[in-house]
Structure formats: structure tokens, C-alpha cells
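Just the one chain here, the form predicted alone, laid out as C-alpha cells.
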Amino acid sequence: MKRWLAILILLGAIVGVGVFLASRKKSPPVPVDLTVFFTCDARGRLVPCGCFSGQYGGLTRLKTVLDQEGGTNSIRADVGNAIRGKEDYNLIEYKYMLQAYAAMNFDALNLGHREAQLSADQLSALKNESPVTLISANLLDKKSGSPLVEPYKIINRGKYKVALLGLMDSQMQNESLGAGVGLEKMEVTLERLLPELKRKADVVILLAFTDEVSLSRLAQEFYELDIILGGKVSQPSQKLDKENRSLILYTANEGRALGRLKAKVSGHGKVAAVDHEIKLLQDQIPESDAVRSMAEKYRKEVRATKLSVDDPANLQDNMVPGVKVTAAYVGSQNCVECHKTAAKVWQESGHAEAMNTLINRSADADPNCIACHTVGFGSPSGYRREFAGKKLVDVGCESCHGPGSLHVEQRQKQLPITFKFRPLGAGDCQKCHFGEFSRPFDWNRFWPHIQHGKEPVRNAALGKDKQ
């Protein structure tokens, strides 16, 4: 009897322990309110360039806004295209941008098409040096087939594990990819990685540098994605979309907007939307002194650095095979004597003070700015940084009309006129007057301020000028 009693007690204890363990296993973590902040398409904008008043954006304003946001369960991420380009000075600038993102407590930066133009060696170096985790699951080393940076990052928020997975679409020409870089289709990458991620994380957030149609398609094909944040889009989203099980929100706008998605995570990783907003980084937002100091350090470093663009050997005469340069830049001072009416219009315009606007901001050695404030920068006979503002400065005659040495020579030596400048139109202005570098450009509004043409011809018989 005692033996049976002992057996019953033991069985009861086993069942009790089993029930206790089962209840613990099934008990979900405490729900958390999660706020995801995300940006995209900054394109090197540490600070607004300052060419015009009323400019939006800049990491200077982004930090001010994020500093005002509280909460312990926030996530901060960038969807891609933070770097401006692939030149050596772009990499210097990107170094300070990474420091700014770190100062703003970003959890991860996804790589976009602009970052994909860097070489495999450059990306590997950035991975090791960056103070913020760089992610991309489908940007691969061409030789090994391995991701060049981390494919994803898992972070803890409350009792939940959240995976940030980075992708970019493969709609990029192979010749545009950096040396040694390969790009796998997003769908192939997701099929391989999602089973692994679902075992490791409760919530999967996809940072996808792709367009609106692709964002929707990915949501339809992969139910494992809880949140999809996009960036290679025409404009920021006006509403939060829901496809399959995924919440979809996107932003871009050249770094002028900050996306915010509030969600509640409950159960075993169930995500429900609470609120969302696309906040414009307006010009009234104060700029962070901390980030402005990073921009100042960048400009000091780039001023003191010998760059590829400083070497005349890198400035080829024949950029297009079979097309030879027939003229060189000579400067506006060679134009004003014959074109006095046009010269007066120019001298009274902002174009004649373009270099001073850079000097006032200590940006006169920044190649990102110089091209639109000097004559012919980046060509063999054009402005070079070593000129230090002494010649070929400002938006001069040749900035729009092209190099004029042959025109000047034929006129001065009274040679047969074989050289003619090509006609100009709005497209020539928009090489510099676009995006944040201009107010919305309208030829009919802008042209009257600088309107000029052929000089009046003197009619000796009437003693009058005629056009």
C-alpha cells in the first residue's frame, strides 16, 4: 500500500512539473510598444548645402528631432543610399556621416545602390571601421559568394528578439556595381534566410531598398516579414499599407523626411500597427551643433587631402571615344570686353558671387560644391582646387556656354569664324538648379533675371543701336 502511495505521489509530482513547464513554455512575453524610426536616401547630406534659404533635411536636423524622442523600445535604421557617391571625397564624407548616425543611436544602416558602387575591398573596410552596423544580405563578394557586410542584425526589445534584415533590388546594371561586387535577387536571398531568422527572432523587419511595387510583391510572397520599410520610391508614403501579414511604410525624398511606425508586439511576435507618421525635416528645425561640427571636420579634412580630382592625369580630354576637345576654358574676363551688355547682367546677378557663398561656409574646397560655383571644374582646363579661388571662379560665361578659347582666338585674330556655341535651354540650368540646390526651377521665372543675348549692333547712319 505504501509502495502504491509513493508511486502515485511521484506520478503527481511529474505531472505537476510537466504542467508547470508547459505553462511556462506557452506563456508569451509581456507585450511591448515598439517605435521604429527610419530614413533613406540621405545622399551625403550631413548639412543642408545652404545655396538657398528654406532648405529641408540634413543629418543636423534629423539629430535634433530624434533627440526629442523618448522611449526605451525604439529602433532606428536607414534603408539605403546614405553615401553621396563613390569618389574618394565621398568616402571621407561618409566616414563623418557614420559618426553622426552613431551619435543618433542608429541600430543598422542598410546599403543601397550608391553604396553598391563601392568596391568589395572598400565595403569590407567600411564594415570593420563603421561605428554603426552595416547590413545587406544580397550584396555579395563575387569570388566567395558571401555577404560583404552583415546580412542582418538581431536586437532585443523587451523580451522580444527583433531582426533587421537588409536588401536592395537587383535592378542595377552590372557595370555600375563596384569591383568584385555581386548582387543576388531579393527573392533568392529571402528564401534562404527567412527560415533561419524565424528560428532566431520573434519579429522580422525588412529594410528594402526597392520600389513600391516590389515592396508589395515581397509582402505577398513572404508571410514571415512582419514589417517592410522601403526607400527607393518616388515619394514618401501617405498611408500605412497592409499586405498579407506585413505592414509596409516607405520614405525617401533625398533625406528630407523621417519615417515613424508605432506598433505593439504581443503573443509570440504578433505585430499590430498603432500609429505612423512621415515627418518632414523642415527648415524651422534647429540644426544640431554636434553634427555641424562633424561637417566642419569633413571640410577641413577634404581641404587638406590630395584627391583624385586634383590630379590632371585623371581628367581626360577624350571622355567620349572619338570626340576631341576643341576648346579650353579661358575665364569670363575674356568675354566682357565684347559682350558688355551681357557682362553687366552677369555682374549684377548672384552668379557673379557664387564662389563667395562657398567661402562663407568654408566649403570652397569641397568637390561636392565646387562644380556648380566655378568654371569647368572636373575638366582638364577648368577650375582646380589649387587655384584657391584666384581664377575660373563663380558661375561665369563658360559655365553655361562651354569653353571659349577657340571663339576668343578667332574673334581677336579676325580669323574665319568656324566655332559656334551650342544653343542653351532649361536643361543646362538644371544641371545645378535641381532638388535641394534650388528652389523649384521654372525657366520662365528664372530666365528674366539673367536674360541676355547678342550685343546691340551700332548703326552708324542713324546713330542708334539695334539688336
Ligand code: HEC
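When you see a residue number, it is the position in the sequence shown, counting from 1. Keep in mind that this is a model prediction, so the values were computed, not measured.
Not pictured, yet referred to below: the form predicted together with heme C (HEC).
Novice: Would all three of G50, V408 and C429 be in contact with heme C (HEC) in the model of the complex, where contact means some heavy atom lies within 4.5 Å?
Specialist: Yes: G50, V408 and C429 each sit within 4.5 Å of heme C (HEC) in the model of the complex.
Novice: Just give me the single entry in L315, L240, A342, I278 that has a non-hydrogen atom within 4.5 angstroms of heme C (HEC) in the model of the complex.
Specialist: After the contact test, the surviving option is A342.
Novice: What is the one choice in G267, P131, P195, G350 with a heavy atom within 4.5 Å of heme C (HEC) in the model of the complex?
Specialist: Answer to the contact question: G350.
Novice: Is H433 close enough to heme C (HEC) in the model of the complex to count, meaning some heavy atom within 4.5 Å?
Specialist: Output for H433 is yes: heavy atoms within 4.5 Å of heme C (HEC).
Novice: Is there a non-hydrogen atom of Y56 within 4.5 angstroms of a non-hydrogen atom of heme C (HEC) in the model of the complex?
Specialist: Judged by the heavy-atom cut-off of 4.5 Å, Y56 is well away from heme C (HEC) in the model of the complex.
Novice: Mark C335 yes when one of its heavy atoms lies within 4.5 Å of a heavy atom of heme C (HEC) in the model of the complex, and no otherwise.
Specialist: Yes.
Novice: Consider L415 of the chain shown here, and say whether it contacts heme C (HEC) in the model of the complex, taking contact as heavy atoms within 4.5 Å.
Specialist: Contact check for L415: no, nothing within 4.5 Å of heme C (HEC) in the model of the complex.
Novice: Counting only heavy atoms and a 4.5 Å cutoff, which of 255-263, 369-377, 216-224, 230-238 contacts heme C (HEC) in the model of the complex?
Specialist: Of the options given, it is 369-377.
Novice: For a quick check, can you give me the residues of 440-455 that have a heavy atom within 4.5 Å of heme C (HEC) in the model of the complex?
Specialist: The stretch 440-455, when checked against heme C (HEC) in the model of the complex, contributes F441, W443, F446, W447, H449, I450, H452, G453, K454, E455 at the 4.5 Å heavy-atom cut-off.
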